[in-house]
Each structure stands twice: as C-alpha cells, then as structure tokens.
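Shown here is one chain on its own, the form predicted on its own, set out as structure tokens.
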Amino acid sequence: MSVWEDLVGQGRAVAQLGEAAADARAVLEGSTARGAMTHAWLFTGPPGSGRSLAARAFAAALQCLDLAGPAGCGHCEACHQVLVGTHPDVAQVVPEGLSLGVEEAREIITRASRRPLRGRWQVTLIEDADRMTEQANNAVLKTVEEPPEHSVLLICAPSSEDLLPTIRSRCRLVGLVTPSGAEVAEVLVRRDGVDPAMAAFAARASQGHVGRARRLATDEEARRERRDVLALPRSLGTVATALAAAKDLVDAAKEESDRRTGARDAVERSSLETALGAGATGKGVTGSVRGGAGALKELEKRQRSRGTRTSRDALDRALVDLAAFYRDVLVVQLGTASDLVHGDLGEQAAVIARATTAEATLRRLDAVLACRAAVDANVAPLLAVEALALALRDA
C-alpha cells in the first residue's frame, strides 16, 4: 500500500511527485538536493483525473514518517492523517461558493507563513483554484513569490491558463490525464468491490471521471438521474414539451444540490445558533443571540452560494452526458469504429441517427457546449437550458 495507490492512470505524475518527495526528504536531512523539489506546485488536468487526490497524496508523501522506504508509505500516522484530512500541518482549501475571494486568500497566506507544528512541512492545498477572484490571485501571488521557509503550496486547477501568468510561471507543473475506461474499471473492482460488468459500464459512462464512475457504480439514484437526463432528446417534439424538459433538467440539478447540501446546512446553522446561545437562559444570552443575527445572515449567504455552485456543477455533469450522447449519434451516422459512451442507449442513438443528419448532430453538439459556457458565465440556468432545448429541437 502507498499514498499513490488510488491515482488511476497517472504513472508519469506519480514518478515526478515521488522523486520530488524523495528530494524534499534529502533537503530536510541536509543532503544534496537534486532540484526535483520546489515550494509551489500546480496540478492540472480534466475533471475526474484526480487533481486534488494527487495533491493530497503528495502532501502525505512530504509528511511521511517512514524513513526506511520511499516517501508516501500510506501506513504511518502522518500519511493516514493527511489522507483523512486531520494533519495539523496540511490545510485543504475548497471554495464552497461560486468563487474564492481575497479574504479566504489572506487566510491561506497567514497559514502558509506558520512553522510546522508536528510535520516536516507546512502544506497548503487549494482545490478549484480557477475559482479564485483576481484579487485572490494577486494575494496568493505574494506567497508564491516569497515563500516562507518549510512552506509548500499545492494549487489545483483544470488548466494553467486559469491562473495569473505570474503564478503559473513560478509553479512546478504536474499534468494529469484522463484515465482509460479499463483503468477506471479496474480500480472500481479492486478498491470498491464493484461487479466487473457494472464497473465497465460506469467507467465508460463517466468518460474517465473516477468519482462519477464510482457514484454510477454504487448508487442507483445516480443511474436514474443519468437516465432522466438522456431522455431529453426524446422530449423535443413540440416547443411546450421542449421547455418542460428544460425545466425538469434544471429542477433535477437543484434537487440533487439540495440533497447533497441540506444536511450540512442544517448542522452548520444549528452549531452557530448553539454557539450564539440559542435555547440558553441567563443574563446576556438574549443580547448574544440578537447580536448574532449578522453571523446567521453571513452563514446563509455562504450556504446559498454553495448551493448555487453545487446545483450548477450537477447541471454541468448532465450537459456533459448529453454532449456524449450526441457524440454517440454522430459516431453511428459516420459509421466509425469508435465505442459508444452510452452503450446501453445504443438503440436510442441509432433511432435519432437515422432520423437526422450528421450536420444537424454537430449543430446540437455545439448547442450543448454553448449552454455549458453560458451557465459557466452565470447566465440563469433555466434560461440557458430552455435556449438549448429549443436549439436541439430546431436543429
């Protein structure tokens, strides 16, 4: 077992990070460094490739206490703490709303400047760094330019272009790739005990997205949601049915978001109310609760932002599935030997392929991609998906 075990199809990145972790160990031991280690790293790759997983594994390798073997043993206390998120010298920053602002960035800078309490390095891991505002980018840049001693910054983003040129030029790049369907299926069988046939289906339908594949393989609700999304092409007969289908798609994304965030929202609110003295009696309690109204409003604001992001992420996954379906239709129309992403819906794709042309399918693909871009640019989701449904019908 090692910290790298669950990185699917990333042999080149694992070799690069393993060499850097060994070099980091040499630095701390006073040996000659080989230049493989640096203070700032940028992990890039498509969704589902394992950017944050790779960064977390690297953080564990840097803190690993087993000096007898390669860094990142996976079984020592430090490795375990990093992987489960409890190590005091590894901070994982996850933007919960639509963006990561300058105040959060300043907290990152403050933490990165501390000396390690127990570990060998003070590691800060920023997920979804493409969501940093311009002001946040500029704040983080100061840490990248003038790194504190024993500080390591791990930044995750889909592309290096998502960050300021001055940040990416000072980071060591770790490029991750989309793993093959066979690699994803293998890890589902080995790690999660999934039936091989189900694992193969989930790996293909998720298009190499490991997390999505696991959910499809283990959650019937996820498979139902996918079927509902892919029923959209059959619901475009009239303008009314097309608009109704668009509303159903947006509502489904909202419902998924509510399921994923509702329990957490309730716990956060209850904890804050308790901290403010709700339900308690005695002198000063009423004033404390009244004075906490601003804190409750701020919490509600953060929760709404997180809910909006979760809903839009769910909608984007649905649009990716829809784009893959029209890609399958195009494969059938062109008669290529490529495997279908949604092989279980091959007959549905064939019916649409016979009823239309490749040119029309390309227009539909363009419409789906344009809808993704519109939602990403903060166009109202219902408006964007209604426009998509009409474009799919008209094409």
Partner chain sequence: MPRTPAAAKADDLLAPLTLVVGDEELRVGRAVSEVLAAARRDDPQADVRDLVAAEVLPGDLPQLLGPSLFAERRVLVLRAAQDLDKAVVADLVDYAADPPDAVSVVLCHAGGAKGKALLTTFKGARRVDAPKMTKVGERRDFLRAELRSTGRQVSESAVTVLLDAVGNDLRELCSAASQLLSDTEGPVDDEVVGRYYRGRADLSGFAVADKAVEGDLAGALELVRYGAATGLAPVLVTSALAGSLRSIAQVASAGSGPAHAVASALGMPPWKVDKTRKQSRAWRPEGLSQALQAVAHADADVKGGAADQQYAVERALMAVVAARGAGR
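From a predicted model like this one, the values you see are computed outputs, not experimental measurements. Positions refer to the first chain, counted from 1.
Not on display, but discussed next: the form predicted in complex with its partner chain.
- Proximity to its partner chain in the model of the complex, defined as a heavy atom within 4.5 Å, holds among Leu272, Val239, Ala266, Leu98 only for Val239.
- Although the partner is absent from this view, Ala391 contacts its partner chain in the model of the complex, with a non-hydrogen atom inside 4.5 angstroms.
- Not displayed here, its partner chain is approached by Ala380 to within 4.5 Å at the level of heavy atoms in the model of the complex.
- For Glu386, a non-hydrogen atom is located within 4.5 Å of its partner chain in the model of the complex, even though that partner is not displayed.
- Contact check for Leu243: a heavy atom falls within 4.5 Å of its partner chain in the model of the complex.
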